[in-house]
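Single chain ahead, by itself, as structure tokens, in the form predicted alone.
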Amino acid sequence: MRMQLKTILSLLLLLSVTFAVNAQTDKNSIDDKQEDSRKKVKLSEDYQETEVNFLLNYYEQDGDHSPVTGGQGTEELTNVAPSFVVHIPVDSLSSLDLNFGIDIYSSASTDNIDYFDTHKSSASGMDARAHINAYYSHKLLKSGNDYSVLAGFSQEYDVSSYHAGGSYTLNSKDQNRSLTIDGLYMNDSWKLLYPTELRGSSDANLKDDVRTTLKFGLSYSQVINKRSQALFSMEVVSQSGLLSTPFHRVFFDDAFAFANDKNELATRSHIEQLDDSRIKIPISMRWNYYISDFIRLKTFYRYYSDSWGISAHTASVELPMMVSPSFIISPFARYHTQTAADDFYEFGQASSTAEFYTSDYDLSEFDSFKVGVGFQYSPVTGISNFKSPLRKGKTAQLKSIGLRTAYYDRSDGLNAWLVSLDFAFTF
């Protein structure tokens, strides 16, 4: 792992130096054109506006390899997630962003925590997660550099989480190059909810109920020329504590012959056991190329490796096209492939002598792809204007409406639909 980290750091440094000699000053983008037009319209107005985005996300999935029932059984899940993102300009150099909302989900697989009970309570059939995050950023007047701090909290039935972090960005004088260092600390406190047939048994003995995550990141962005921009990033993520999920079941090889016999399976159930330490290293690259004034090519590639034995490659491409000055269509596609974790076993394949074992197919070998399209309607003068409820004598505006939808398919049979609506207001 130490040699791997050293190689990655060397690669990132080499790429940074290579691109540092190619800096030019011109910028060109579909987003820039829309924003420039909007600024011309508002040139004589007070431009310190509060922006509010109302997002409504819908997600549904289905599959047949739920880890709650040991790698077999329904993974059906639906999630509705309304949220608000509020951008508040504090002054000409500082801004505050708030993001808050709630996830309301119904999960048939989570409902199977009491899979072997004759009279199921269905207590976990529907649940909710509330979250709030705050992000403050400031530009230093003398140096032109930026720093930011962030913090957040979330709460659901069995997990309470908080996080805090920050970043510092060094910008070149012409603003065409930047180097950002960031860090994040996360703490998840779990209520240990075991499968009902194992509660009170010697198997229900996970040592910890807290998961700690530390992340350090380094990224470098570069405007290469008038049409091309790139960003390179690397992260080192360290996790420790409770990395198993207490209600995930595993069935050893002595249960394989009883796959359809619930009475027998109930006596052969075990709780997922995973190493309490994990190091993740993702490195990624983004490259945007402006094919014309109306079409942009956005690409992304990431290589991922961790100490549990997973390595993965992810690539995506998106093609935003300006159909008119007010309307953009963005088709996109993403492909992902990964190897399995060393301790992953399909249903009924784990040995009782193994130290660690899981049947969570998120840690299995699989390929997946996602395809979709986004639409954004954003007239230069806004969609509609109305009296601002926040600022006396001022006009608020519905600035844009966005819709994004996608289909996801995984080689183990899991598939999902995603739909997202975005209403952007200024006050």
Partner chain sequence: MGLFAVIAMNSCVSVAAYQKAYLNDEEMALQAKKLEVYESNFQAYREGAAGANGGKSGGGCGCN
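What you see is a predicted model, and the numbers here were worked out from it, not measured in a lab. Numbering follows the first chain given and starts at 1.
Below, we turn to the form predicted in complex with the partner chain, even though it does not appear here.
Novice: Can any non-hydrogen atom of Asn112 be found within 4.5 angstroms of the partner chain in the predicted bound form?
Specialist: No, Asn112 is distant from the partner.
Novice: Check Ser66 for me: does it contact the partner chain in the predicted bound form (non-hydrogen atoms, 4.5 angstroms)?
Specialist: Ser66: yes, in contact with the partner chain in the predicted bound form.
Novice: In the predicted bound form, does Leu363 come within 4.5 Å of the partner chain, counting heavy atoms only?
Specialist: Yes, Leu363 sits close enough to the partner chain in the predicted bound form that at least one of its heavy atoms falls within 4.5 Å.
Novice: Please check if His270 has a heavy atom lying within 4.5 Å of any heavy atom of the partner chain in the predicted bound form.
Specialist: Result no; His270 lies far from the partner chain in the predicted bound form.
Novice: Between the options Met186, Ile88, Ile279, Leu206, which residue brings a heavy atom to within 4.5 Å of the partner chain in the predicted bound form?
Specialist: By the 4.5 Å criterion, the partner-contacting residue is Met186.
Novice: Counting only non-hydrogen atoms, choose the one of 342-350, 241-249, 258-266, 193-201 that falls within 4.5 Å of the partner chain in the predicted bound form.
Specialist: Of the options, only 241-249 has residues within 4.5 Å of the partner.
Novice: Taking Glu156, Ser161 and His336 as the candidate spot, are all three within 4.5 angstroms of the partner chain in the predicted bound form by heavy atoms?
Specialist: Checking in the predicted bound form: Glu156, Ser161 and His336 are all within 4.5 Å of the partner chain.
Novice: At a 4.5 angstroms cut-off on non-hydrogen atoms, which residues of 127-146 are near the partner chain in the predicted bound form? List them in order.
Specialist: Read in sequence order, the lone residue that approaches the partner chain (within 4.5 Å, in the predicted bound form) is Arg129.
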